[in-house]
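Here we start with a single chain on its own, the form predicted on its own, put down as structure tokens.
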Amino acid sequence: MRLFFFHTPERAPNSGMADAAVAIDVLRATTTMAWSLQNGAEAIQAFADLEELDAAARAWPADRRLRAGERGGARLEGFELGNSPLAVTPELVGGKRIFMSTTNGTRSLDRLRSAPLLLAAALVNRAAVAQRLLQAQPATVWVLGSGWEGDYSLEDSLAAGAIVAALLEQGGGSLEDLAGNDEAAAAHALWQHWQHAPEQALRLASHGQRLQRLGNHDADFACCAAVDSLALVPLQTEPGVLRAS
């Protein structure tokens, strides 16, 4: 297995696709997706475009749908949910499909939707993601960070490095054999530095600072930094639709 990490959707190759792909948006889309499915959501349907989201949501039964929308860290007006993993309680999301669009994370999923195996990862499920990859044994894996509007994000690189570390811990082998590019090796080094203080790293990140300016997100930070707190992995079962695996 060779793993290639790209900081943002814009950094991914313009042609071709890996045998497997992993989308990351630690703060907070992929964390929220994982917790939504853990708490009983039927599926997450991800959209980069809000008009497409509205059209798809209108075609779904009203009592079995929720719209989750976020731009700039804040919930979109008129949407039932924003982008907080704490808001997706079992009472609210159980049995429902969540139609979701966020500033960055759903763009990464959209970029990777043609992958034969597509997973959504965060710190909360990084060991489970590594386990799924080791079970599938793809020759090549693209791990795609979401960044912030095309720029690098510290927290997504941290999670990419955490996945690399979990692959090495569970599957053995060497970093030299696993890392397909310098970005993957650098992400692993970042994780080695911050693995004992992941929440501190999330707060240091520019998007973490942005969230702190928007209000009190202490509980969100704690949730997003809870490494390996879930064994569930969101898996794309049809284009744009993720279900629990």
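For every residue, the number given is its place in the sequence shown, counted from 1. All values reported here derive from a predicted model rather than from experimental measurement.
The next section is about a form of this same protein that is not shown, the form predicted in complex with ligand MLT.
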**Report entry** Region of this chain that lies against ligand MLT in the predicted bound form, out of 171-179, 114-122, 69-77, 157-165 [heavy atom, 4.5 Å]
**Finding:** 69-77
Query raised in the report: Do residue 153 and ligand MLT come within 4.5 Å of each other in the predicted bound form, heavy atoms counted?
Result: no
Query raised in the report: Is the gap between residue 211 and ligand MLT in the predicted bound form 4.5 Å or less for some heavy atom pair?
Result: yes
Query raised in the report: Can any non-hydrogen atom of residue 145 be found within 4.5 angstroms of ligand MLT in the predicted bound form?
Result: no
Requested in this report: Considering only heavy atoms, tell me if residue 29 and ligand MLT come within 4.5 Å of each other in the predicted bound form.
Outcome: yes
Query raised in the report: Is any part of 95-115 within 4.5 angstroms of ligand MLT in the predicted bound form by a non-hydrogen atom, and which residues would that be?
Result: 102, 103, 104, 105
